[in-house]
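The chain that follows stands alone, in the form predicted on its own, written as structure tokens.
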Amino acid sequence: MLRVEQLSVNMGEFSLQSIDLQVGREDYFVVLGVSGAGKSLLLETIAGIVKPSGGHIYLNEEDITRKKIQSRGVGLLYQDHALFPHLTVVENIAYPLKGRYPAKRDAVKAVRDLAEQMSIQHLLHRKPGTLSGGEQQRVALARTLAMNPSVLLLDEPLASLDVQMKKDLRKLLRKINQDGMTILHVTHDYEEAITLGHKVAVLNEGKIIQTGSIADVFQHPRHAFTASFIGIKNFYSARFLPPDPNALPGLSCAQISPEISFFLQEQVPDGDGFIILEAEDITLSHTRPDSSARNNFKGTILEISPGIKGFEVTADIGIPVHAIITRHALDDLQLREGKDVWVSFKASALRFIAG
């Protein structure tokens, strides 16, 4: 669908170096990196705003490396919306449609359909300056989609939004992707990668250092930067079940698999989402602990490896769980691969991310 081969861009002191990416049809592909890694430059080069010094860009097997911006079949959405402040919402959305529809009624219908898809039909006659950040981003998204792109390029689209707006826009982006739109999304936020991406590439100092599925990259980082940047391996998709106020007052239940459920202290609405657990918040012991921890599982040690903060112990409790312990704890417990162990963590240690 979208293929980038050995793409290089020379910007003086900074450069993109031999970038290879392959985004399949209807993929949601996330490029993850810190500020200054080259994420926006990559999107601008794919969009045709910046000319590469080497390599090729293919869209649907056509080489678009030297094609004009308007002929590429891609739509680029910036973090800052870039709406025309003097035009109304309807005029902003309709801007890319000029000359596309001979009949005015067809253009009007196209705008209204996009506005309905973005849930902004009630805002059509407002100016951008009167809208919230989330509303402006929806208008900018509708205007980009009006170009009917084959692939949607998103540059930190959630960065300036509050928590509720992020949740709403994540849901909208997921729906757009499920409806068949191929998306390449760049961000510095690993939560966006977890909740949206099918695949992820990690970009550091102008180079792609790892690419793969979300689980592969997050749970098996192959580069020191990836490990330190992401810093989290215990993330799980979950179905949140109605709490039982009699059995578990004040707790929510997250079903990770048919056999495994976690209890968390947050009050979480029913439905799907994600759970994050820091490795340092996990306790290992020989026997079931007599403590206030609500989550206790018997498991088997799969692997022990040294790390920056101590030793990383991976245990199988029906799903893999990664704990960080000290050398003293490792020696005191006499842990080894294949040994049974109790894995415990408090309900307050779990963090919920909306799906």
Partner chain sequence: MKTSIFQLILIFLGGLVLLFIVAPLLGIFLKTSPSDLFQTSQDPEVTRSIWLTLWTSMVATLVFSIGAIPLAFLLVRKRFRMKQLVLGIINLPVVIPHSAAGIAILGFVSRNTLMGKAASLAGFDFVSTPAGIALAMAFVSLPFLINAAMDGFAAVPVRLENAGLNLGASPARVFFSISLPLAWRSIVTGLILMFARGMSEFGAVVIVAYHPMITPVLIFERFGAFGLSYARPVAVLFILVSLAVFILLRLLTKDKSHAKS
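Please read all numbers here as calculations on a predicted model, not as lab measurements. Numbering follows the first chain given and starts at 1.
There is another form of this protein, the form predicted together with its partner chain, and it is not shown here; the text below is about that form.
- No residue in the set 39, 154 and 229 has a non-hydrogen atom no more than 4.5 Å from its partner chain in the predicted bound form.
- Between its partner chain and the residues 302, 308, 34, 49, the one pair within 4.5 Å by heavy atoms in the predicted bound form involves 49.
- Among the residues 263, 95, 225, 274, the one placing a heavy atom within 4.5 Å of its partner chain in the predicted bound form is 95.
- You can rule out all but one of 278-286, 215-223, 85-93, 176-184: in the predicted bound form, only 85-93 has residues with a heavy atom within 4.5 Å of its partner chain.
- Not displayed here, its partner chain is kept clear of residue 206 by more than 4.5 Å at the level of heavy atoms in the predicted bound form.
- Contact check for residue 236: every heavy atom lies farther than 4.5 Å from its partner chain in the predicted bound form.
- Residue contact with its partner chain in the predicted bound form: residue 70 places a heavy atom within 4.5 Å of it.
- Its partner chain in the predicted bound form is not approached by residue 197, whose heavy atoms all lie more than 4.5 angstroms from it.
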